[in-house]
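A single chain, nothing else alongside it, follows as structure tokens in the form predicted on its own.
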């Protein structure tokens, strides 16, 4: 089985950007594409960014125990399909999960996944607000909701193996690359 890398952060701290950078730079790293009940944003593609499903479809998948993890975030469900992750492992890929702390807690229950858990923080709340506004994806009400959620999110950093502050995207990305590289070296030294 390949490596399983979890990237979590408060909304707007950079986890999705870093997740995409990892998969673009390293052909052996594939993103676990979550299922969600939220509506696609204008630039999002079904099956690439998310698997967009109805609430009813999502609830059926929960009943069938098809998720490693799932959570309700900002009035929408998100979940990681066991089937899609297992297919990536069968292809000998490392898998990166772009999920929140709730999902990480659930994934951590599956010891066979052998997770590398990394929590990304913004330099401060003021910078986070600036990033949320600048990315221009949400209205002011949603931005305020995400800022309010920040206080809850940051309380869960201690559930992670590493905490990285995203003061500068490139520097943060290099730190995460180094963490992954060190884990791979450790594993190779045990073989």
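Keep in mind it's a predicted model, so treat the numbers as computed, not measured. Numbering follows the first chain given and starts at 1.
The discussion below concerns the form predicted in complex with a small molecule, not included here.
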| query | Since the chain is shown here on its own, which stretch among 65-73, 23-31, 160-168, 123-131 would lie within 4.5 Å of the small molecule in the predicted bound form, judged by heavy atoms? | reply | 65-73
| query | Is residue 94 close enough to touch the small molecule in the predicted bound form, meaning at least one heavy atom pair within 4.5 Å? | reply | no
| Within a 4.5 Å heavy atom cut-off, is residue 156 in contact with the small molecule in the predicted bound form? | no
| said: Is residue 51 near the small molecule? Define near as a heavy atom within 4.5 Å, in the predicted bound form. | reply: no
| query | For residue 148, is any heavy atom within 4.5 Å of the small molecule in the predicted bound form, or not? | reply | no
